[in-house]
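Same chain, two forms, each on its own as structure tokens: structure 1, then structure 2.
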Structure 1
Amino acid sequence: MSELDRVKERFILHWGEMGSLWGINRTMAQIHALLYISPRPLSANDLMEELQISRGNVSMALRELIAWGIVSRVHIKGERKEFYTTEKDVWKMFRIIARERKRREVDPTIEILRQSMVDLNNLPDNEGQYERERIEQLLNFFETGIKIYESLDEKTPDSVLKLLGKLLQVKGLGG
């Protein structure tokens, strides 16, 4: 195995481990990692061979990655097979992932918290006061996080980095 192959393997395995810590299927993360570092689009057969995984695993993971919006099908002239690639711009890729995680995880949580507040506010004043306070604090936290996310999502990578740099300097953490 060449040094390049060792580096690629280490990266792919680590990305898979990180994916599972983030709540993403390990195979899905490994396929994403391989597509990310591949200089050319890869077919399902390429992915199966490189990662030593079954066609079914590749197919399910690709379907989910496409649904997330970070992998796309690519047609190569003269080829009958479908090929796949991923977003190579790190900022765009993480924006897509953040947007999808917000949609799948945060938005439903906010909706449950809002409905819980409606239900709690319909109780008599002497009932559910403690629960109302807890839920309201959580809802405020999530809604503030969404405002921050939406504000940052509108910004360019350079402006986000400048803002973070300023925050670090204010906190005395900057270099």
Structure 2
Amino acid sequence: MSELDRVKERFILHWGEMGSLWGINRTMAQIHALLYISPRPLSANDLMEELQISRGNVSMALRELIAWGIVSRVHIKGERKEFYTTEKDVWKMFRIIARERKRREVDPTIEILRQSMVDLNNLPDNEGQYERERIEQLLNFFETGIKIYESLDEKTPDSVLKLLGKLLQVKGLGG
């Protein structure tokens, strides 16, 4: 095993551990790391061998990654099997993950908070005053977050960086 392989392996293992940061499991994160660091698409067999995991596991993890939208199938002409590759632009990758996590986690939370507000407002007398205040604050926070997310999502990473750079007086952020 070459030194280069060792560096790659270290990266892949660590990325796997940090999968929780992205809300995905270890295998998914490792596959993602391996595809990300590979100059060309890899087959399911390649992934099995490199990561020492079962065929089934590879198949399931790929399905999930494709559902997230950060891995895609590639047909290579002359080849019978499928190959897989991943988004190499980190900003695009980040945007995809942000969008998915919003959809899966933030949106349902906001839904519950809104419903709670409705329910609290239907209580008789002045019941639930304190609770209403608390939920409202949370809801406000999340809704503001979504507004910021949506505005940022319309812009290109470059323009966002430029603006932030000026705004925060941080050198090297762009602009």
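Here the rigid core means the biggest group of C-alpha atoms that line up within 1.5 Å when the two forms are laid on top of each other. Residue numbering: structure 1 sequence, from 1. Predicted model only: the values in this text are computed from it and were never measured.
Structure 2, not structure 1, represents the form predicted in complex with another copy of the chain.
After superposing the rigid core, the Cα of W22 is displaced by 2 Å or more between structures 1 and 2. In the core-superposed comparison between structures 1 and 2, R10 has its Cα shifted by less than 2 Å. Lined up on the core, G165 has its CA atom moved by 2.6 Å between structures 1 and 2.
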